[in-house]
Each structure stands twice: as structure tokens, then as C-alpha cells.
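Let's start with one chain on its own, the form predicted on its own, as C-alpha cells.
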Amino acid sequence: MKSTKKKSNLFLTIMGDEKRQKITIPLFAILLSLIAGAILMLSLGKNPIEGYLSLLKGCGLMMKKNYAGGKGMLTDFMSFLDIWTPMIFAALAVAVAYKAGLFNIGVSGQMLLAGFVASLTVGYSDLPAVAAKPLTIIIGMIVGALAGSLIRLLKYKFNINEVVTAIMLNYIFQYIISFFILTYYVHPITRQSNVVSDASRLTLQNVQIGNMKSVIPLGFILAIVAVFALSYFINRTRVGFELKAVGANKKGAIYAGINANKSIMIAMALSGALAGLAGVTYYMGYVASIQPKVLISTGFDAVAVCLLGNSNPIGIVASSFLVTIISKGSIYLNSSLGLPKEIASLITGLLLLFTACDVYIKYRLKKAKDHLEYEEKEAQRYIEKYGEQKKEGEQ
């Protein structure tokens, strides 16, 4: 009994108070998901340590045994940065909407729309790089912002739930864009959209670094700038404060004189703009074409990243780093150990599941803490009562 009590005390001490739990609970969720993933690997007859090391090796965070000609650890790492970039933008898009009390599940559709429009207007043009690359970014932001604002507009005018609207728009964008690609812009061999020009692409290709050729993701610098800019906007500006106030208590915010509709519109427009940046850094960066009838999972994985990072831009950098390692490293995991790539999606799903249980975990921690405090008070009361009885007996 005492041993169990000591373990309980130790666990509560590690988890800390409510402020500290913003870090410890996500770390606990990560640990649980990694343990579940390890059990799954063991059930398939594979060593989980080797499995997780393979994820790191596939992302250029550890050295592989062999590399193809002209490639090395640096080339893998730069490719990892390339795919990490749209994940950061997508998770920031989810976080902005979440701060305002909204759930933007349409990030993947907004990414696709932004990437397609940018491809048509800039990617297939003859503009030089000095004009094409900035224009790609601007068009991506504008198209994404319009798509995000449309969700809010339908909610405001017709009271249509934003989650339902976002999901439906995902399918609408997916199939309409697929129709145009397959009708007018399909490549006869790859059956994907025609490749965009190198001048408009946000990832520099075949850059000579030493004796290796690598990619340089220009969007990664923009993503880091966006993280700090968004953090400042949310925590240091009046508009950001109003946005958080509306998300925390809409009725209270309206009573305090805040224009809730305006704040929500700003949140959805900004969320869409960030999703648009995710789209152009993916479709005009990491890849140079669009696969018809496919809605990439980045926008949905971004929900897990956002929750894991507590909707904090700085926390999102860390959580997106982890999720991208799992998804990107799954290719090497498959080739080195023969494990299916889908195991990465399963680990990410478990991560989302455990992260979504944060309210329940907080409830259990508070209940356990209250119980221990009650036991300590009862023990103290008993000691004081016993001491008084002992003194009376001695007298």
C-alpha cells in the first residue's frame, strides 16, 4: 500500500501543477504512443529500437550504413526540412482557428486549392525567379485566406456548421481540381499535373553542397518567421487578445464590447492564409505537381500536431518535428526492416488519441492530488488527536 502511494506521489510530482502539465501531459502522450508503437513492432517480430532508429535515419538525423551516389546524411536532412515546412504552416493554420474557438478541418482542401491556383497563374508561366517565387507566396496566401473566409461567411449568413462546411469543401476542391487536371493539365506519362517551372518552385533543386547534390527549402525560413510572428500576434496585440477572448468565452467577449464576428472572420482568414502557405510550399516546393483525386494527409495530421503543441506556435515547432519524423522516416523504416509504412500513420493516430485525452488526464491527476491531500490532512488530524490523548494520559 505504501509502495503504491509513493509511486502515486512520484507520478504527481513529475506531472507537476496545471502550468507544468501543458508540457508534461503532451510528453506523457508521446511516451504512451511510442510504447504502443513498440508493442506493435514486437508483435510483428521486429526490434522496436531498430524501428525508431530507422525513422531517425530516414530523416537525416542519424547516419545510414549506405548512401546512393551523390547523397549523404545532409541530403536526407534537407529533404526532411522540405516536408517539415508545410506541416508547420498547416499546424499553425489549425492553431489560429482553434484559438478563436473554431475547428478548421479543411486545411488539406485549402492547401490543394492554393497549390493549384498558384500552379496555373505562376507555375506554368515564363516569369523569372525573382518575380515568380514571391508571387507564388502571395497568391497562396490570398487564395487560402479566401477559402478560409468562405467557411466563416457560410456560417455567418446561413448558420452552417464550420466543420461540415470545411469537410464538404475538401471534397469539392478535390474533385473539381482533379477534373481540370485530368482534362487540361495532365502529364501523359505520370498522370499527374504538369510540372511547374523551376523559377516558381519554392524548393531549390540539385544544389551542389560539397560533393553532394541537395535541395534547399526556401519556405522553411518563412515558416520559422511565421511561428514567431504568429506568437507575437496572439500574445502581444489587441486583435490577438480579442481573438483569444472570443475563443475562450464568446458571450463574455461580446458583453465586454468585442466584435466577435470580426474576430472570427480574421481568425479564419489568417488560418486559410497559413493553409495556403502550406499548400504552395508543398505543391510548389516539396513536390512540383498535383496528383489528381488525392487529398494529402498533412492537413489532417496538423490537427494532431496542433493539439500536441497545445495550440502554441513554439510548441507546434516541436510537435511538428516529431510527427514529421514519423511520417518521413516511414519510407526508410519500410525498406530497412520490411515494416509497412502505414505503421507510421498508426503511431500518429495513437498520438492524436492520447493527446485528445488531455482533459481526462488532467481530471484524473486533480482527483488523485485531492485524494492524497485529503489523506495527508486525515493523517495529520489523527497524529494531533493521538498527541493530545497521550498528553492527557501522562497528566
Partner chain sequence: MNEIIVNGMSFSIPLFIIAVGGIYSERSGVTNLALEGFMGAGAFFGALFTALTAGVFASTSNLPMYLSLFVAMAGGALYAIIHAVLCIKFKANQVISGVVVNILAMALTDFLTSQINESVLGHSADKFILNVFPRLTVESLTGIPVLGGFFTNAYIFEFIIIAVAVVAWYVMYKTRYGMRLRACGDNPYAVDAAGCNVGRIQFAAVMVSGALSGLGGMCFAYSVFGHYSTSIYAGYGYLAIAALIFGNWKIPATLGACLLFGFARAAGYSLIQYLELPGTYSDLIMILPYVLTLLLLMIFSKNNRAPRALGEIYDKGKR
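Numbering follows the first chain given and starts at 1. Being a predicted model, the structure only gives us computed values, none of them experimental.
Unshown form predicted together with the partner chain; subsequent notes refer to it.
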Mind telling me which stretch in 280 to 288, 151 to 159, 75 to 83, 317 to 325 gets its heavy atoms within 4.5 Å of the partner chain in the predicted bound form? 151 to 159
Against the partner chain in the predicted bound form, would S178 count as a contact residue? Criterion: heavy atoms within 4.5 Å. yes
Although the partner chain is absent from this view, report whether Y124 comes within 4.5 Å of it in the predicted bound form, heavy atoms only. no
I'd like to know whether V164 contacts the partner chain in the predicted bound form, with contact meaning heavy atoms within 4.5 angstroms. yes
Given that the partner chain is not shown alongside this chain, does I343 nevertheless sit within 4.5 Å of it in the predicted bound form, heavy atom to heavy atom? yes
Just to confirm, with a 4.5 Å cut-off on non-hydrogen atoms, which of A229, I172, A131, I209 contacts the partner chain in the predicted bound form? I172
May I ask you to choose, among L222, L182, L120, A260, the residue with a heavy atom within 4.5 Å of the partner chain in the predicted bound form? L182
Using heavy atoms and a 4.5 Å cut-off, decide whether L40, L350 and C357 all contact the partner chain in the predicted bound form. yes
